[in-house]
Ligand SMILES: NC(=O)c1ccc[n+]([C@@H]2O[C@H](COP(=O)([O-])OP(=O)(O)OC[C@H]3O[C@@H](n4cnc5c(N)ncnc54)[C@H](OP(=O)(O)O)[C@@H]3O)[C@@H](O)[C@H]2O)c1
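Single chain ahead, written as structure tokens, the form predicted on its own.
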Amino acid sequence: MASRRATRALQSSFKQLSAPTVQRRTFVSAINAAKAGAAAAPRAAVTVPFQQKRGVKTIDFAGQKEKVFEREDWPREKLLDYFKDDTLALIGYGSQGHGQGLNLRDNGLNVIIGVRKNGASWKEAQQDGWIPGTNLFDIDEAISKSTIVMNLLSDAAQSETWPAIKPQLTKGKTLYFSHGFSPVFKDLTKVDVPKDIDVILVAPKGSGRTVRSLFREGRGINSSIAVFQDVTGKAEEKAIALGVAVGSGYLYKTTFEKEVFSDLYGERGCLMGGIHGMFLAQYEVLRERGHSPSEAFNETVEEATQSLYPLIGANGMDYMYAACSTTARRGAIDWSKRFKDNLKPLFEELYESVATGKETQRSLEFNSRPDYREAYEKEMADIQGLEIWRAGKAVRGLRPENQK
């Protein structure tokens, strides 16, 4: 469907993304670069900043002005000085714990890990170079040694462990989350934070593995920050500094409630659940109409992820349209309106399910089951067994980088 022009544009985009200058670019310089290329590319939704000063940058996002904070304002030396009297206890060593913990360590901060002794996470932390008795402790000991408690346990585990953790959050400590789930839905999670401590949030917009990989590339992930409770008057500044320390490139402000609503909504919608459902629906119709597995997969997933989606990520939807054939362009524009009209009621229902706590209740109930791991692995096996993903494995094997 996409023309040769799309292939050339994709190759050009990859060259731009892989160029060394990308690693040194700030959010604002990227916007200025986009302005310089405006004559050759469609108009971007993010326009140039109308106000700029160190520490705070007010950016016009498609007509709405928002403040953003950049890594450039918090160099390593400033972070080391800011946190010189702090011990950061990172509780939990899952995806986010792994990524944020290693980034904090590489930035030179005094970070320790708190997990169940000799459990799977303990062993994984040891493999990553954390040393028992030095910067690897059980949860209670890690909290006792800390000034900042970074609760990165799973949502279900935060609820289960809260009765033991809360008494240790004494006055003067700071409580850090990367998801607003537990305190926002406290009626369900029972995570009622103490009233005499700062409670802040840094929510990277990606998995912990991406937090780590983008940090190592020198780029940094986008993250949101929020303040749930400001006792010291320095909670927001602390959140910004920690956001940079864990590997963010730039940060924008939100609230705990908006973060968890948008996060649960997005994961179930375009980011994961919705896109998987759309892939399955399109693939099944093609197969039922006589198309081969290879053709159905290539037209549904491979071209999307390897050709078109990278163009959207690099320069926007209008750029992707411009890079495709006139026939593809016309059909996509026409049908996008029908898809939106049909899907918006479903997205409204999804958001309501998130806002009312229905999705939270479902998550807590399922993820707290004693057979959770077995049930999850069965669901993953079912997905892996679907024809679309079995065909996809064969298609990926044909990529040049996977040829032996």
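All residue numbers refer to positions in the sequence shown, first residue = 1. Everything quoted here is computed from the prediction, not taken from an experiment.
Heads up, the form predicted together with the ligand isn't pictured, but that's what we're talking about next.
- [ ] May I ask whether G269, Q282 and N298 all come within 4.5 angstroms of the ligand in the model of the complex, judged by heavy atoms?
- [x] The answer is no: none of the three residues contacts the partner (heavy atom, 4.5 Å cut-off).
Open item on the list: So if I measure heavy atom distances to the ligand in the model of the complex, which of the stretches 167 to 175, 231 to 239, 115 to 123, 70 to 78 falls within 4.5 Å?
Closed with: Partner-contacting stretch among the options: 115 to 123.
Task: Of D138, D86, E302, E160, the one that lies within 4.5 Å of the ligand in the model of the complex (heavy atoms) - done: Checking each option against the ligand in the model of the complex, the one that comes within 4.5 Å is E160.
Task: Proximity to the ligand in the model of the complex, single hit among L153, C324, I148, A142 (heavy atom within 4.5 Å) - done: Spelling it out, the residue with a heavy atom inside the cut-off is L153.
Task: is_contact(H179, the ligand) in the model of the complex, heavy atom dist at most 4.5 Å - done: Within the cut-off, so yes.
Task: 4.5 Å heavy atom contact, N315 and the ligand in the model of the complex - done: N315 lies outside the contact set for the ligand.
Open item on the list: Would you classify N103 as touching the ligand in the model of the complex, given a 4.5 Å non-hydrogen atom cut-off?
Closed with: The answer is no: N103 has no heavy atom within 4.5 Å of the ligand.
- [ ] Indicate whether the ligand has at least one heavy atom within 4.5 Å of a heavy atom of S207 in the model of the complex.
- [x] Yes, contact at 4.5 Å.
Task: Interface residues of 81 to 97 toward the ligand, as seen in the model of the complex [heavy atoms, 4.5 Å] - done: Read in sequence order, the residues that approach the ligand (within 4.5 Å, in the model of the complex) are G92, Y93, G94, S95, Q96, G97.
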